[in-house]
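Here's a solo chain for you in structure tokens, the form predicted on its own.
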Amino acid sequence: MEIVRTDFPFVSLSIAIPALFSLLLVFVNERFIKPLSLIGSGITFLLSLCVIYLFDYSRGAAVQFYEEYVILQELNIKLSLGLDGLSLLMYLLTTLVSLVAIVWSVRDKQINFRLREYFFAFLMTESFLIGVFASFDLIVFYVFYELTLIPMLFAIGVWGYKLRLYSAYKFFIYIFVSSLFLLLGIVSVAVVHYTDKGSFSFSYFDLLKNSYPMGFEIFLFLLFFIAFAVKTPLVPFHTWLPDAHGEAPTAGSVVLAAVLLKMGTYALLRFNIGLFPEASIKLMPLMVAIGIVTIIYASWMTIVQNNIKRFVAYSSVSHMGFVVTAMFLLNYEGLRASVIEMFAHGMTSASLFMVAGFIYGRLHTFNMENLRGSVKFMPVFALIVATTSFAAMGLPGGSSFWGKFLTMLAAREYSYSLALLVLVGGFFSAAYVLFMLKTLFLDVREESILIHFTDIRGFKLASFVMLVLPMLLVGFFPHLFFNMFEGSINFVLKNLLGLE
């Protein structure tokens, strides 16, 4: 794996800027909190666009903008940061969604107290998330991975809805306990490296060269898998997610669904398939089965929800089932499908949670029965809802189309039966999205209640536009995004085949 160092610390600056602005919030007058938060997150997003522009896509799987700083010499732990094709897309998703969440929060009426702590939490979350996707040292990855828990715990627990404390504790306990399996896995692979080479290393590049007996490799795979399956989340490890989403403030749900869930799927690809290729091949049928069960079970649970936030939450679980199914088909189309679907779902899920938040702001309910016809008198908002919903459904021209289409192609390489199961999952996705659209657009409601609603505008409209545009960009110009991670996907495949 080629490493390309840089003279300018793009990645460490991307981590540092939101953190510095969050610290600045502690000392400024309250009226400067929102502008400073917007500036901090905006600069980070612009920096990520510079990185996208400067990234050399001809270098294949190379890790670019690489920086390395020693943290603990004795154990060879280093702050090794960089971006390859896989992390580049997640890095862009993080900076985009973080900015959207802050723009949305500026006019969110629910966020009317403890503003300093609220924006502090979201800026710190952005820093930690970039650290997760840019780390190539497993201990540093683990630290950032765990740190993301803390601000999100407070975001749910302080600014959430009625059952916020219960949901926050449940979220924390699930993720924290499952992460202990990850820590045990990381220590185990480092000990294997020490036994073989005579020195500790937590470097991803060094650990790629480890070899294990099959039984032990499967054990290590499962240690990593438990942590990431809870984070993703996959059935039956998913039960924390509907509660966390249902009670989180809108921006919390946005970041949680769009980016925090991707930590699990990204890590499955980066670490489980990357470090344990033979175990991945051995366990492929089990992983695909878990993915299919997740799609179908979560789709069914989506359809029966009355609460629109839980509706979107369960639909997110279903989409993660698609990502994991595609990923563990372990072929070219499957891996491409998984990465593009991670990015696509990040935008559609964020937008759908904002739809729920916007309607709640008008009707003060998440109950689907009370939302009947609620977008009828808001044409711009209705257009946004329709575009987002069709993109999430997988309609051609929408961002999720390529993920679902390529997953079916990947499944077809094994059997028609498997492709048919994926197709059934896609049918369920379309069914629950159409059910939501019918409720919001077509069901009858007393016009006198809704006719005075003003259409969406200002900061909230800007938040939606920032997500809808890239949704359409992925749908109509997918090659722009596939080019970003093509080299990294080829590297993963060669590693699986033992060619690297």
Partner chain sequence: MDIGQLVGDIRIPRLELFLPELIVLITAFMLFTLDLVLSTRLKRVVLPSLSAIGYVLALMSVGITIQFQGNTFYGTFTNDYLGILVKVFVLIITLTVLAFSYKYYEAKNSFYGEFYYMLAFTLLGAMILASSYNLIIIYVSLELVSIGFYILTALLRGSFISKEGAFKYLILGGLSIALASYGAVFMYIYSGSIDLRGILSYSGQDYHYLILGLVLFLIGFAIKIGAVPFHFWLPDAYQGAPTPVTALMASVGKLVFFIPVVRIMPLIQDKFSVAWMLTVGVIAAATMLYGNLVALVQRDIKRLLAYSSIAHSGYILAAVAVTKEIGLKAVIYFLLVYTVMAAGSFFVVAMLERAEGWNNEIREFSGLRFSLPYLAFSFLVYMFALLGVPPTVGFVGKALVFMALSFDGLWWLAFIMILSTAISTGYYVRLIVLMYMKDREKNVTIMGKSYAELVSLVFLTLLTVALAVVPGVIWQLLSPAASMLFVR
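Positions refer to the first chain, counted from 1. If you're wondering where the values come from, they're calculated on a predicted model, not measured in any experiment.
What comes next is about the form predicted together with its partner chain, which does not appear here.
- For its partner chain in the model of the complex, the listed stretch (417-425, 151-159, 272-280, 371-379) containing residues with heavy atoms inside 4.5 Å is 151-159.
- Here the marked residues Tyr142, Ile173 and Phe200 all reach its partner chain in the model of the complex, each with a heavy atom within 4.5 angstroms.
- Contact check for Ala121: no non-hydrogen atom falls within 4.5 Å of its partner chain in the model of the complex.
- A residue is said to contact a partner when one of its heavy atoms sits within 4.5 Å of a partner heavy atom; Ile359 fails this definition for its partner chain in the model of the complex, lying far away.
- Using a 4.5 angstroms threshold between heavy atoms, Leu223 counts as touching its partner chain in the model of the complex.
- By the criterion of a heavy atom within 4.5 Å, Leu183 is counted among the residues contacting its partner chain in the model of the complex.
- This chain is displayed alone, yet in the model of the complex one of Tyr332, Phe405, Tyr194, Tyr212 has a heavy atom within 4.5 Å of its partner chain; that residue is Tyr194.
- With the partner omitted here, the residue from Ile296, Ile303, Ile71, Ile218 that has a non-hydrogen atom within 4.5 angstroms of its partner chain in the model of the complex is Ile71.
- Residues are counted as partner-facing when one of their heavy atoms sits within 4.5 Å of its partner chain in the model of the complex; in 459-482 not one qualifies.
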